[in-house]
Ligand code: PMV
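Below, in structure tokens: the form predicted on its own, a single chain.
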């Protein structure tokens, strides 16, 4: 599909008012997306586990205006309070998607959103938040254009979410979602995420993710700025090639349930992500001393316990500790005994693989 496929024909129905709600999860990339082209197109493909507990709940109420507004008309509430500092991001998103959702200026929207994880916990909410909002807007468009297929609805919602936050396109479905064109997946696209199409061993169906909140402060460098620093990066092309190769390797790993090789790729991807940040211009370090302490303790515990616990990192200091269901008791005991002490205020979040967004209401 191309961008033009998402530009709608004239709507056949009118909807004067209503309300819709979705709960959409966050996700954690295994092969990382870092670097993008114009219009939120990824420089390399990525794949992620969809999470379950870390999610955003968004309700959108809408009321048709007497005439189209000269600017977007909306009120935004985060966890019950007006959030004027969130408005610019929503306005930017609306501008990007207006061509594909031409009804936007015809309505006043009341957007009410909340996260299941603590505010300022250091967990990025853009993926879950933008995917939830995209789904709510698509629910309205489906009312205006009846007969829309479920497949098209999902693809367009992912396409729109990507224009709000790149990784958001991986949060609509589960349990493994790929984004970005790759030779081993004929359905893959740079425009939206797709469910991973190949065989996946049962060991990967019930993975756990304990998120250690090492630093809950605001990141030194936004992800948007970080992505831009890949332009002209001396190691960028080799990194993009590496991502393609790792995604190819994962095909057999997922099929066979090879946890040792899975760990090798996931941890290498995490460290490569941070290596690219440390070698960009300007350069920056988002890991903290406690991040490194946690990594070293995971390595030592894995060696002595023969378990398959591993880590991954986003563009920040927090550590995602990944481990299979059949080792959860031993690994979680290790986490509580040795790792929680290195978290800010000893805070952590328990999560596991989930299966995508859920409709809460529509009327």
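Positions refer to the first chain, counted from 1. Just so it is clear, the structure is predicted and the values come from calculations on it, not from any experiment.
We do not show the form predicted together with the ligand, though everything after this point is about it.
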Q.
Just to be sure I understand the contacts: of 227, 155, 142, 208, which is the one whose heavy atoms reach within 4.5 angstroms of the ligand in the model of the complex?
A. 227
**Q.** The unique member of 223, 185, 280, 290 whose heavy atoms fall within 4.5 Å of the ligand in the model of the complex
**A.** 223
Q | Partner proximity in the model of the complex: residue 126 to the ligand, non-hydrogen atom cutoff 4.5 Å | A | yes
Q. Applying a 4.5 Å heavy atom distance criterion, does residue 166 contact the ligand in the model of the complex?
A. yes
Q. Taking the shortest heavy atom distance, is residue 62 within 4.5 Å of the ligand in the model of the complex?
A. no
Q: Check whether residue 236 has any heavy atom within 4.5 Å of a heavy atom of the ligand in the model of the complex, and answer yes or no.
A: no
Q) So which stretch, 25 to 33, 295 to 303, 54 to 62, 328 to 336, is the one near the ligand in the model of the complex (non-hydrogen atoms, 4.5 Å)? A) 25 to 33
Q.
With the partner left out here, which residues of 254 to 280 have a non-hydrogen atom within 4.5 Å of the ligand in the model of the complex?
A. 273
